[in-house]
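Structure 1 and structure 2 below are two forms of the same protein chain, each written out on its own as structure tokens.
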Structure 1
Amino acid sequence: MDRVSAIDAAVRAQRGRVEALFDELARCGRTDPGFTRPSYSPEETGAHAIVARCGADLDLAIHRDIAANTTMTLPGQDRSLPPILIGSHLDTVAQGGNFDGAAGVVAGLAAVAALRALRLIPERDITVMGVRAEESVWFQVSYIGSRAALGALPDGALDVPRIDSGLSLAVHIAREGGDPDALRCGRSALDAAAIHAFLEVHIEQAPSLEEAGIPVGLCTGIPGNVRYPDVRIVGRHDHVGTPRRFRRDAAMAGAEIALALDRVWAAHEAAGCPMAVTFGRFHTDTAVHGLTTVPGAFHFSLDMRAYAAEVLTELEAAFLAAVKEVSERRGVTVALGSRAEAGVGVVSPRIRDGLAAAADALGIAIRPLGSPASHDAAAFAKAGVPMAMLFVRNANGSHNPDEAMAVDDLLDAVAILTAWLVAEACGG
């Protein structure tokens, strides 16, 4: 059997392990419908324990860092060489699916298991990383686990409350086995300059691969984002019969701001420039709104994302200009609240080309695919770590209970990843 066929066979032999892992993970945070594993929760910790047990069964070195991330390391021949990291997250949004994030950790473990089956000892460490708190919905901060490990948490992040519990990130980290005091002092678990590469496998967020009939996508880039989680517009509550010229309608102001950004998005899309604008929360004040009341208060959240930093800057400038113009014309006050951002994730051309070559050798169809979503890989890229991603076909999107991923498709991605690892770290 030639090397490529041996790699493929070793990966396909991991089907039982992969299916068992997903079955076990499905018991962590099962809700009706879907799964809920909040960032830094007992449910997320349970998922980390499951993958750690699998890592121990593979005789990997298990470690929990100061941010409570889980690392599972296959030792290399030369432990002084910068390691290869493979990972993703294990938390979910509320009533999400069992594949978003978790598929990347399972893929890493399956790839290492295949290397074990092939009796290959890499020249450098290969570490599978279960990352904490990628889903920014819980603390309104992006990439908490990976940024904490890299010593790049934003100022004040440890004091941010979780949206459901009201307790701070620091409290939750401590409860789940991390060391927030060490993080507050600026310690990091990883030295970005001493990491050879970071690779992440993830289900696709939109059914582009499903539409194309192709099992695996090769990431071309991860968008950066700018977020305003809690924008508040204050006008004046008035009687429903108030003439238009007297109104200070907060809801209409919010609608105009949203439509202004939608026009910017449409123009860029028509010009072939990908981006996305999302008003995730968009509502009047439920305590006082009513059929016969002109809204004097309005709330929204805003996520703006693009694949180039200059486009993101332009998009934010358009938003701020719309806020200024609409607030002056409508006679309302707009409080922007906190602002968060995450940098554009640039894919390493060398790793991308290596993955493409591996897919070609294996006879697995792939296609280039820009990520519509943010991922931990972007945090590593921003820190200067060479990064690449593989996407797995998924018919029903993500962040919902109906995430759809065939194990065969995941194993295709694992085979590509394993073949790349053999070429990159096992002498070809």
Structure 2
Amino acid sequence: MDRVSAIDAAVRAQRGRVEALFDELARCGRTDPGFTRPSYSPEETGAHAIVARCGADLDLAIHRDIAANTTMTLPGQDRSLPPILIGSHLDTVAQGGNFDGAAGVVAGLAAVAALRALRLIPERDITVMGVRAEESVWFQVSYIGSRAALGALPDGALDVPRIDSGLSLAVHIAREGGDPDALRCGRSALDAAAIHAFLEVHIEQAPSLEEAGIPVGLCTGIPGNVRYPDVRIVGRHDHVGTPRRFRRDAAMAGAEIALALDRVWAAHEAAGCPMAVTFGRFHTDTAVHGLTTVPGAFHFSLDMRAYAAEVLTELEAAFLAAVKEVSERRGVTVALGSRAEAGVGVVSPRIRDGLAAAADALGIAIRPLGSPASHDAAAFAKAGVPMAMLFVRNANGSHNPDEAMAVDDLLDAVAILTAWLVAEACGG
């Protein structure tokens, strides 16, 4: 059996391990519908324990870092060489799916298990990393676990409250076994300059691959974003019969601002420029809203993302112009609240080409795919680590309970990853 066929067979033999891991993870934070493993929650910690147990079974060196990320290391021949990291996150959005994030950690473990089965000792460490707190819905801060490990948390992040509990990130990190004081002092778990590469497998978060009939996508880039997580519009609560000229309706102002940006998006889309605009929270004030009251308060979150900094700048200008025009015309005030941004994540051409060559050798169909979503890999890219990503076909989109991923498709991605690891670190 040639090397490629042996790799493929070793990967396919991991099916049972992969299925068992997903079954175990599915008992972690089940909310019916879906799964809810908030960032730095007991449910997320449960998922870390499950993957760590699997890593221990594979005789990997298990470590919990100061941000409570889990690393599982297959030691290389020369432990002083910069390691290869394979990672993704183990938290979920509220009522999300079992695969978004976790599939990347399972893929890393399956690849390392295949290397074990092939009795290959890599020249350098290969570390599978279960990352904390990637889902920014909880603290409204991006890439918390990755950036904490890299010593790149933004100022003030440790004091941000979790949206459900109201307790700070620092409190939640400490509760789940991390060391917020060390993070506050600027300590980091990883030195970006001493990481050889970061690879992430992730389910696709849209059905593009399903539409194309292709199991695996090769990431061409991760979009940057500009976010306003907590915009508040204040108008005036009035009786339902209030004539139009007296109204200061905060909800209609919110609707107009949102649709102004939606039209900008539609125009860019028609012109072939990919981007996305999402008003994830978009709501009247549940404490006081009612059938017979004109809404005097409206709240929304905004995420704008694009693959080029200029497009982000243009989008943000369109948003601010809409806020100004609508608020003046409707007689409302708009408090923008906090603003966050993340740069565009650039993929390493060398690793991307290596992954494409591996897929070609294995006879697995892939296609280039811009990631519409943000990923931990972007935090590593920003820190200067060569990065690449593979996406796995998913018919139903993610951040919902209906995520659909075939284990065969995941194993296709694992085979590509493993073949690349062999070529990159095991002497081809």
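For clarity, every value in this text was computed on a predicted model and none was experimentally measured. Counting starts at 1 and follows the sequence of structure 1. Here the rigid core means the biggest group of C-alpha atoms that line up within 1.5 Å when the two forms are laid on top of each other.
Participant: If I had to pick the form predicted alone out of these two, would it be 1 or 2?
Facilitator: Pick structure 1 here.
Participant: In whole degrees, what is the turn of the smaller rigid part against the larger between the two structures?
Facilitator: About the hinge, the smaller body moves through 10 degrees.
Participant: Determine, in Å, the CA shift of residue 294 between the two structures after the rigid core is used for superposition.
Facilitator: On core superposition, this C-alpha lies 4.4 Å from its counterpart.
Participant: Cα of residue 326: shift between the two structures in Å, core-fitted?
Facilitator: Displacement of the C-alpha, rigid core superposed: 3.6 Å.
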